[in-house]
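Only one chain is included here, represented as C-alpha coordinates and corresponding to the form predicted on its own.
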(Lines give C-alpha, C1' and ligand atoms only; values in the text may rest on other atoms or scores of the structure.)
Protein backbone atom coordinates (compact mmCIF):
# COMPACT_ATOMS: atom_id res chain seq x y z
CA UNK A 1 0.00 0.00 0.00
CA UNK A 2 1.16 3.53 -0.80
CA UNK A 3 -0.19 6.87 0.35
CA UNK A 4 0.96 10.38 -0.51
CA UNK A 5 1.17 13.67 1.33
CA UNK A 6 2.92 17.00 0.91
CA UNK A 7 4.96 16.54 4.08
CA UNK A 8 5.68 13.57 6.33
CA UNK A 9 6.93 14.26 9.85
CA UNK A 10 8.52 11.25 11.54
CA UNK A 11 8.38 11.82 15.29
CA UNK A 12 5.75 14.08 16.80
CA UNK A 13 7.65 15.38 19.78
CA UNK A 14 7.76 19.07 20.57
CA UNK A 15 9.60 20.04 17.38
CA UNK A 16 7.87 17.58 15.07
CA UNK A 17 4.43 18.51 16.37
CA UNK A 18 5.13 22.20 15.82
CA UNK A 19 6.38 21.61 12.26
CA UNK A 20 3.46 19.33 11.39
CA UNK A 21 0.81 21.57 12.95
CA UNK A 22 2.18 24.77 11.42
CA UNK A 23 2.38 23.29 7.93
CA UNK A 24 -1.13 21.83 8.25
CA UNK A 25 -2.33 25.27 9.33
CA UNK A 26 -0.72 26.65 6.17
CA UNK A 27 -2.87 24.32 4.06
CA UNK A 28 -0.42 21.53 3.31
CA UNK A 29 -1.38 17.86 3.45
CA UNK A 30 0.69 16.62 6.39
CA UNK A 31 1.13 13.14 7.84
CA UNK A 32 2.54 12.90 11.35
CA UNK A 33 4.02 9.56 12.39
CA UNK A 34 4.38 8.73 16.08
CA UNK A 35 4.95 5.42 17.84
CA UNK A 36 4.60 6.79 21.34
CA UNK A 37 2.85 9.95 22.56
CA UNK A 38 2.20 13.05 20.48
CA UNK A 39 4.07 15.87 22.21
CA UNK A 40 7.10 13.78 23.11
CA UNK A 41 9.14 13.74 26.29
CA UNK A 42 8.57 17.28 27.52
CA UNK A 43 4.88 17.34 28.49
CA UNK A 44 4.67 13.77 29.81
CA UNK A 45 7.98 13.01 31.53
CA UNK A 46 10.41 15.86 30.89
CA UNK A 47 10.33 19.58 31.45
CA UNK A 48 6.78 20.02 32.76
CA UNK A 49 6.29 17.06 35.13
CA UNK A 50 9.83 17.33 36.50
CA UNK A 51 9.37 21.03 37.25
CA UNK A 52 6.14 20.19 39.08
CA UNK A 53 8.10 17.88 41.36
CA UNK A 54 10.85 20.48 41.74
CA UNK A 55 8.35 23.23 42.52
CA UNK A 56 6.82 21.10 45.28
CA UNK A 57 10.26 20.27 46.69
CA UNK A 58 11.28 23.93 46.64
CA UNK A 59 8.15 24.84 48.61
CA UNK A 60 9.26 22.41 51.31
CA UNK A 61 12.71 23.97 51.36
CA UNK A 62 11.30 27.48 51.60
CA UNK A 63 9.03 26.47 54.48
CA UNK A 64 12.03 25.06 56.33
CA UNK A 65 13.80 28.42 55.91
CA UNK A 66 11.15 30.22 57.94
CA UNK A 67 13.04 29.60 61.17
CA UNK A 68 15.29 32.53 61.95
CA UNK A 69 13.52 34.83 59.49
CA UNK A 70 9.78 34.70 60.12
CA UNK A 71 9.03 32.56 63.15
CA UNK A 72 8.68 28.80 63.00
CA UNK A 73 7.11 26.35 60.50
CA UNK A 74 6.32 22.69 60.97
CA UNK A 75 6.68 20.87 57.63
CA UNK A 76 5.22 17.44 56.82
CA UNK A 77 5.91 16.23 53.28
CA UNK A 78 3.85 13.91 51.07
CA UNK A 79 4.66 12.74 47.55
CA UNK A 80 1.00 11.91 46.88
CA UNK A 81 -0.11 15.38 45.64
CA UNK A 82 2.96 15.53 43.41
CA UNK A 83 2.10 12.18 41.79
CA UNK A 84 -1.53 13.24 41.39
CA UNK A 85 -0.63 16.57 39.82
CA UNK A 86 1.78 14.93 37.36
CA UNK A 87 -0.91 12.47 36.30
CA UNK A 88 -3.44 15.24 35.88
CA UNK A 89 -1.02 17.26 33.73
CA UNK A 90 -0.18 14.18 31.67
CA UNK A 91 -3.91 13.94 30.86
CA UNK A 92 -4.73 10.99 33.13
CA UNK A 93 -1.98 8.39 33.06
CA UNK A 94 -0.17 9.49 29.93
CA UNK A 95 -2.89 9.84 27.34
CA UNK A 96 -2.07 12.02 24.31
CA UNK A 97 -5.58 12.39 22.86
CA UNK A 98 -5.66 16.16 23.40
CA UNK A 99 -2.36 16.60 21.57
CA UNK A 100 -3.41 14.21 18.80
CA UNK A 101 -6.70 16.10 18.32
CA UNK A 102 -4.80 19.37 18.27
CA UNK A 103 -2.98 18.14 15.17
CA UNK A 104 -5.84 16.40 13.38
CA UNK A 105 -8.17 19.36 14.00
CA UNK A 106 -5.81 21.35 11.78
CA UNK A 107 -6.31 18.85 8.98
CA UNK A 108 -3.25 16.72 9.68
CA UNK A 109 -3.29 12.93 9.43
CA UNK A 110 -1.84 11.04 12.39
CA UNK A 111 -0.31 7.61 11.79
CA UNK A 112 0.37 5.54 14.88
CA UNK A 113 3.53 3.48 14.57
CA UNK A 114 7.29 3.65 14.16
CA UNK A 115 8.37 5.29 10.92
CA UNK A 116 11.42 4.25 8.92
CA UNK A 117 12.95 5.92 5.87
CA UNK A 118 12.84 3.82 2.72
CA UNK A 119 14.60 6.17 0.31
CA UNK A 120 14.30 9.86 -0.60
CA UNK A 121 10.81 11.11 0.21
CA UNK A 122 9.62 7.69 1.42
CA UNK A 123 8.62 6.50 4.89
CA UNK A 124 7.29 3.07 5.81
CA UNK A 125 5.08 2.35 8.81
CA UNK A 126 3.86 -1.18 9.51
CA UNK A 127 4.00 -2.25 5.86
CA UNK A 128 2.52 0.92 4.38
CA UNK A 129 4.70 3.26 2.32
CA UNK A 130 4.09 7.00 2.51
CA UNK A 131 5.53 9.27 -0.17
CA UNK A 132 6.20 12.96 0.44
CA UNK A 133 5.73 15.37 -2.44
CA UNK A 134 7.66 18.18 -0.73
CA UNK A 135 9.43 17.15 2.45
CA UNK A 136 10.23 14.58 5.08
CA UNK A 137 11.10 15.90 8.55
CA UNK A 138 12.84 13.77 11.16
CA UNK A 139 11.98 14.63 14.76
CA UNK A 140 12.51 11.32 16.56
CA UNK A 141 14.26 12.73 19.62
CA UNK A 142 16.49 10.79 21.97
CA UNK A 143 16.30 7.99 24.52
CA UNK A 144 18.14 7.64 27.83
CA UNK A 145 21.70 6.39 27.46
CA UNK A 146 22.24 3.25 29.55
CA UNK A 147 25.88 2.51 30.40
CA UNK A 148 27.21 -1.06 30.07
CA UNK A 149 27.57 -1.63 33.82
CA UNK A 150 27.97 -5.23 34.95
CA UNK A 151 24.62 -6.53 36.21
CA UNK A 152 22.56 -3.46 35.30
CA UNK A 153 20.65 -4.92 32.35
CA UNK A 154 17.44 -6.64 33.35
CA UNK A 155 17.12 -4.91 36.70
CA UNK A 156 14.19 -2.55 37.47
CA UNK A 157 16.34 0.60 37.40
CA UNK A 158 14.71 3.97 36.82
CA UNK A 159 15.23 6.48 34.08
CA UNK A 160 13.66 9.91 34.42
CA UNK A 161 10.36 8.42 33.21
CA UNK A 162 9.97 5.86 35.98
CA UNK A 163 11.12 8.40 38.55
CA UNK A 164 8.35 10.80 37.57
CA UNK A 165 5.76 8.03 37.33
CA UNK A 166 6.46 7.00 40.93
CA UNK A 167 3.44 7.14 43.22
CA UNK A 168 5.64 7.13 46.34
CA UNK A 169 9.04 8.59 47.03
CA UNK A 170 11.73 5.96 47.60
CA UNK A 171 13.21 5.44 51.04
CA UNK A 172 16.64 5.52 49.44
CA UNK A 173 17.90 6.37 45.96
CA UNK A 174 21.23 6.24 44.17
CA UNK A 175 21.62 8.40 41.08
CA UNK A 176 24.23 7.50 38.47
CA UNK A 177 25.09 10.79 36.80
CA UNK A 178 25.54 14.30 38.16
CA UNK A 179 24.14 16.20 35.19
CA UNK A 180 21.09 18.45 35.14
CA UNK A 181 18.36 15.78 35.12
CA UNK A 182 20.01 13.60 37.73
CA UNK A 183 20.63 16.48 40.12
CA UNK A 184 17.16 17.96 39.75
CA UNK A 185 15.50 14.67 40.63
CA UNK A 186 18.03 13.87 43.35
CA UNK A 187 17.33 17.15 45.13
CA UNK A 188 13.57 16.84 44.74
CA UNK A 189 13.45 13.36 46.30
CA UNK A 190 15.90 14.36 49.04
CA UNK A 191 13.67 17.24 50.06
CA UNK A 192 10.77 14.80 50.34
CA UNK A 193 12.81 12.68 52.73
CA UNK A 194 14.62 10.14 50.55
CA UNK A 195 18.17 9.18 51.46
CA UNK A 196 19.98 10.13 48.24
CA UNK A 197 23.44 9.37 46.84
CA UNK A 198 24.80 10.80 43.56
CA UNK A 199 27.73 9.22 41.72
CA UNK A 200 29.42 11.27 38.97
CA UNK A 201 32.41 10.13 36.91
CA UNK A 202 33.68 13.69 36.29
CA UNK A 203 35.52 15.65 38.95
CA UNK A 204 32.49 17.84 39.67
CA UNK A 205 28.72 17.88 39.29
CA UNK A 206 27.28 19.73 36.29
CA UNK A 207 30.54 19.25 34.38
CA UNK A 208 29.41 21.19 31.24
CA UNK A 209 28.80 24.35 33.28
CA UNK A 210 31.17 26.82 34.91
CA UNK A 211 33.15 25.43 37.88
CA UNK A 212 31.80 28.26 40.05
CA UNK A 213 28.23 27.14 39.32
CA UNK A 214 29.13 23.51 40.04
CA UNK A 215 30.52 24.57 43.43
CA UNK A 216 27.32 26.44 44.30
CA UNK A 217 25.13 23.45 43.44
CA UNK A 218 27.47 20.98 45.16
CA UNK A 219 27.21 22.90 48.43
CA UNK A 220 23.41 23.19 48.14
CA UNK A 221 22.98 19.46 47.51
CA UNK A 222 25.16 18.56 50.46
CA UNK A 223 23.11 20.95 52.62
CA UNK A 224 20.05 18.90 51.60
CA UNK A 225 21.74 15.77 52.92
CA UNK A 226 22.74 14.31 49.54
CA UNK A 227 25.97 12.29 49.49
CA UNK A 228 28.01 13.27 46.43
CA UNK A 229 30.71 11.03 44.96
CA UNK A 230 32.59 12.78 42.15
CA UNK A 231 35.52 11.32 40.16
CA UNK A 232 33.78 8.04 40.80
CA UNK A 233 32.13 5.41 38.66
CA UNK A 234 29.89 2.39 39.16
CA UNK A 235 31.46 -0.99 38.41
CA UNK A 236 28.58 -3.35 39.18
CA UNK A 237 24.89 -3.49 40.07
CA UNK A 238 22.96 -6.29 41.75
CA UNK A 239 19.22 -6.47 42.44
CA UNK A 240 17.90 -9.12 44.81
CA UNK A 241 14.22 -8.56 44.09
CA UNK A 242 13.89 -5.92 46.78
CA UNK A 243 16.91 -3.64 46.76
CA UNK A 244 19.90 -2.62 44.64
CA UNK A 245 23.48 -3.10 45.75
CA UNK A 246 25.68 -0.72 43.81
CA UNK A 247 29.43 -1.25 43.77
CA UNK A 248 31.58 1.79 43.08
CA UNK A 249 34.86 1.79 41.20
CA UNK A 250 36.79 2.17 44.46
CA UNK A 251 35.28 -1.06 45.79
CA UNK A 252 32.84 0.53 48.21
CA UNK A 253 29.14 -0.29 47.88
CA UNK A 254 25.72 1.08 48.79
CA UNK A 255 22.40 -0.71 49.12
CA UNK A 256 19.37 1.35 48.10
CA UNK A 257 15.71 0.84 47.29
CA UNK A 258 15.85 2.54 43.90
CA UNK A 259 18.49 3.21 41.25
CA UNK A 260 18.16 6.12 38.82
CA UNK A 261 20.34 6.05 35.69
CA UNK A 262 20.87 9.57 34.33
CA UNK A 263 24.06 9.72 32.29
CA UNK A 264 22.71 11.53 29.25
CA UNK A 265 20.61 10.74 26.21
CA UNK A 266 21.37 9.24 22.81
CA UNK A 267 20.08 9.37 19.25
CA UNK A 268 19.14 6.05 17.62
CA UNK A 269 19.61 6.50 13.88
CA UNK A 270 20.11 2.80 13.23
CA UNK A 271 16.38 2.07 13.47
CA UNK A 272 15.38 4.96 11.18
CA UNK A 273 16.73 3.64 7.89
CA UNK A 274 18.83 6.77 7.37
CA UNK A 275 21.27 4.81 5.20
CA UNK A 276 18.57 4.79 2.49
CA UNK A 277 19.00 8.57 2.13
CA UNK A 278 22.78 8.60 2.38
CA UNK A 279 23.15 9.29 6.10
CA UNK A 280 25.35 7.41 8.56
CA UNK A 281 23.24 5.19 10.86
CA UNK A 282 26.06 5.08 13.43
CA UNK A 283 26.32 8.87 13.74
CA UNK A 284 25.58 10.57 17.05
CA UNK A 285 23.18 13.01 15.37
CA UNK A 286 21.77 14.01 11.99
CA UNK A 287 24.01 16.56 10.35
CA UNK A 288 22.00 19.59 9.21
CA UNK A 289 22.79 22.92 7.62
CA UNK A 290 21.78 26.36 8.90
CA UNK A 291 18.22 25.80 7.64
CA UNK A 292 18.03 22.32 9.25
CA UNK A 293 18.28 20.58 5.88
CA UNK A 294 19.70 17.07 6.09
CA UNK A 295 19.47 16.12 2.42
CA UNK A 296 17.25 16.34 -0.64
CA UNK A 297 13.72 17.16 0.59
CA UNK A 298 14.87 16.09 4.06
CA UNK A 299 14.98 18.16 7.27
CA UNK A 300 15.59 17.30 10.93
CA UNK A 301 14.39 19.00 14.09
CA UNK A 302 15.07 18.85 17.82
CA UNK A 303 17.30 16.52 19.81
CA UNK A 304 18.09 14.36 16.78
CA UNK A 305 20.17 17.25 15.34
CA UNK A 306 22.56 17.29 18.31
CA UNK A 307 22.16 21.02 18.98
CA UNK A 308 21.10 20.72 22.59
CA UNK A 309 18.37 18.52 24.04
CA UNK A 310 16.06 21.39 24.92
CA UNK A 311 12.43 22.13 24.10
CA UNK A 312 13.30 25.73 23.27
CA UNK A 313 15.86 24.58 20.69
CA UNK A 314 13.33 22.25 19.07
CA UNK A 315 10.66 24.97 18.78
CA UNK A 316 13.26 27.45 17.49
CA UNK A 317 14.38 25.01 14.82
CA UNK A 318 10.78 24.17 13.93
CA UNK A 319 10.12 27.76 12.96
CA UNK A 320 13.11 27.76 10.63
CA UNK A 321 12.02 24.52 8.97
CA UNK A 322 8.45 25.71 8.46
CA UNK A 323 9.63 28.89 6.77
CA UNK A 324 12.09 26.96 4.60
CA UNK A 325 9.52 24.41 3.41
CA UNK A 326 7.02 27.18 2.67
CA UNK A 327 9.66 29.15 0.76
CA UNK A 328 9.56 32.09 3.15
CA UNK A 329 12.55 34.23 4.04
CA UNK A 330 13.97 34.13 7.52
CA UNK A 331 17.26 34.09 9.41
CA UNK A 332 19.26 30.85 9.56
CA UNK A 333 19.90 28.95 12.76
CA UNK A 334 22.23 30.72 15.18
CA UNK A 335 23.29 28.89 18.35
CA UNK A 336 25.78 31.48 19.69
CA UNK A 337 23.37 32.48 22.44
CA UNK A 338 21.92 29.08 23.24
CA UNK A 339 20.52 29.33 26.76
CA UNK A 340 19.96 26.54 29.27
CA UNK A 341 18.75 26.24 32.84
CA UNK A 342 19.34 23.58 35.48
CA UNK A 343 16.38 23.77 37.84
CA UNK A 344 18.15 22.85 41.03
CA UNK A 345 17.86 25.21 43.99
CA UNK A 346 19.79 27.43 43.46
CA UNK A 347 19.05 27.47 39.73
CA UNK A 348 21.84 27.60 37.17
CA UNK A 349 21.12 29.65 34.07
CA UNK A 350 23.77 29.79 31.37
CA UNK A 351 24.05 31.17 27.85
CA UNK A 352 26.68 30.97 25.14
CA UNK A 353 30.22 29.86 25.93
CA UNK A 354 31.79 28.98 29.23
CA UNK A 355 35.18 30.44 30.03
CA UNK A 356 36.87 27.17 29.08
CA UNK A 357 35.03 26.96 25.75
CA UNK A 358 35.91 30.55 24.90
CA UNK A 359 39.59 29.95 25.61
CA UNK A 360 39.55 26.77 23.52
CA UNK A 361 38.09 28.84 20.66
CA UNK A 362 41.11 31.16 20.80
CA UNK A 363 39.18 34.16 22.12
CA UNK A 364 40.98 36.85 24.13
CA UNK A 365 38.95 36.15 27.26
CA UNK A 366 38.14 38.46 30.14
CA UNK A 367 36.01 37.34 33.09
CA UNK A 368 33.93 39.20 35.64
CA UNK A 369 32.38 37.56 38.71
CA UNK A 370 29.91 38.69 41.37
CA UNK A 371 28.83 36.73 44.45
CA UNK A 372 25.05 36.76 44.90
CA UNK A 373 25.19 36.86 48.73
CA UNK A 374 27.22 40.08 48.44
CA UNK A 375 24.52 41.85 46.45
CA UNK A 376 21.81 43.80 48.25
CA UNK A 377 19.07 41.41 47.12
CA UNK A 378 21.15 38.40 48.09
CA UNK A 379 21.71 39.86 51.58
CA UNK A 380 17.98 40.57 51.92
CA UNK A 381 17.06 37.09 50.66
CA UNK A 382 19.43 35.49 53.19
CA UNK A 383 18.31 31.84 53.36
CA UNK A 384 19.10 29.94 50.17
CA UNK A 385 20.89 32.94 48.71
CA UNK A 386 24.11 31.25 47.58
CA UNK A 387 25.07 31.97 44.00
CA UNK A 388 27.37 33.58 41.49
CA UNK A 389 27.06 35.66 38.33
CA UNK A 390 29.89 35.16 35.86
CA UNK A 391 30.46 37.02 32.62
CA UNK A 392 32.72 35.79 29.80
CA UNK A 393 33.86 38.56 27.48
CA UNK A 394 35.65 38.74 24.15
CA UNK A 395 38.10 41.55 24.87
CA UNK A 396 38.89 42.04 21.19
CA UNK A 397 35.29 42.72 20.19
CA UNK A 398 34.15 44.22 23.48
CA UNK A 399 31.09 41.96 23.82
CA UNK A 400 29.95 39.12 26.04
CA UNK A 401 30.16 35.62 24.55
CA UNK A 402 28.79 33.82 27.61
CA UNK A 403 27.25 34.26 30.99
CA UNK A 404 26.09 32.26 33.99
CA UNK A 405 23.64 33.20 36.71
CA UNK A 406 23.63 30.62 39.50
CA UNK A 407 21.42 31.51 42.42
CA UNK A 408 17.83 32.27 43.42
CA UNK A 409 15.82 32.84 40.23
CA UNK A 410 18.97 32.15 38.24
CA UNK A 411 16.96 31.11 35.19
CA UNK A 412 15.10 34.42 35.17
CA UNK A 413 18.25 36.52 35.67
CA UNK A 414 19.55 34.67 32.62
CA UNK A 415 17.13 36.61 30.42
CA UNK A 416 19.21 39.77 30.56
CA UNK A 417 22.41 37.87 29.83
CA UNK A 418 20.83 36.06 26.88
CA UNK A 419 19.79 39.36 25.29
CA UNK A 420 23.29 40.77 25.82
CA UNK A 421 25.02 37.76 24.22
CA UNK A 422 22.54 37.31 21.37
CA UNK A 423 22.40 41.00 20.54
CA UNK A 424 26.17 41.47 20.95
CA UNK A 425 25.47 44.50 23.11
CA UNK A 426 28.75 46.39 23.66
CA UNK A 427 30.12 45.91 27.17
CA UNK A 428 30.51 49.66 27.58
CA UNK A 429 26.81 50.06 26.89
CA UNK A 430 26.03 47.39 29.48
CA UNK A 431 28.20 49.20 32.01
CA UNK A 432 26.08 52.32 31.65
CA UNK A 433 22.65 50.71 31.89
CA UNK A 434 20.30 51.41 34.80
CA UNK A 435 19.87 48.24 36.87
CA UNK A 436 16.83 48.23 39.16
CA UNK A 437 17.61 48.11 42.88
CA UNK A 438 17.42 45.83 44.80
CA UNK A 439 17.10 42.95 42.34
CA UNK A 440 19.05 39.78 41.69
CA UNK A 441 19.77 40.91 38.14
CA UNK A 442 21.57 43.96 39.52
CA UNK A 443 24.37 41.51 40.26
CA UNK A 444 25.20 41.73 36.56
CA UNK A 445 26.35 45.31 37.18
CA UNK A 446 28.61 44.06 39.97
CA UNK A 447 30.09 41.43 37.64
CA UNK A 448 30.68 44.12 35.00
CA UNK A 449 32.66 46.13 37.57
CA UNK A 450 34.84 43.06 38.12
CA UNK A 451 35.38 42.65 34.36
CA UNK A 452 38.80 44.04 33.35
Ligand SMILES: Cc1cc2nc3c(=O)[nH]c(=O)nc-3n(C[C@H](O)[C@H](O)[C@H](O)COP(=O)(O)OP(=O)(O)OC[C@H]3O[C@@H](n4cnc5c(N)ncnc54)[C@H](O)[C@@H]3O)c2cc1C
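Numbering follows the first chain given and starts at 1. Only a predicted model underlies this, so the values are computations on that prediction, with no experimental measurement involved.
The same protein also exists as the form predicted together with this ligand; that form is not shown, yet it is the one meant from here on.
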Within 4.5 angstroms, counting heavy atoms, which one of the listed stretches 110 to 118, 285 to 293, 76 to 84, 97 to 105 is next to this ligand in the model of the complex? 110 to 118
Given that the partner is absent here, does residue 164 sit within 4.5 Å of this ligand in the model of the complex, heavy atoms only? yes
Even though this ligand is not shown here, does residue 173 get within 4.5 Å of it in the model of the complex, heavy atoms only? no
Partner proximity in the model of the complex: residue 35 to this ligand, non-hydrogen atom cutoff 4.5 Å: yes
Interface membership of residue 19, this ligand in the model of the complex, 4.5 Å heavy atom rule: no
Only one of 309, 152, 201, 365 gets a heavy atom within 4.5 Å of this ligand in the model of the complex. Which one? 309
Checked 52, 61, 42, 425 for heavy atoms within 4.5 Å of this ligand in the model of the complex; positive is 42
Using the arrangement in the model of the complex, list in sequence order the residues of 178 to 196 with any heavy atom within 4.5 angstroms of this ligand. 181
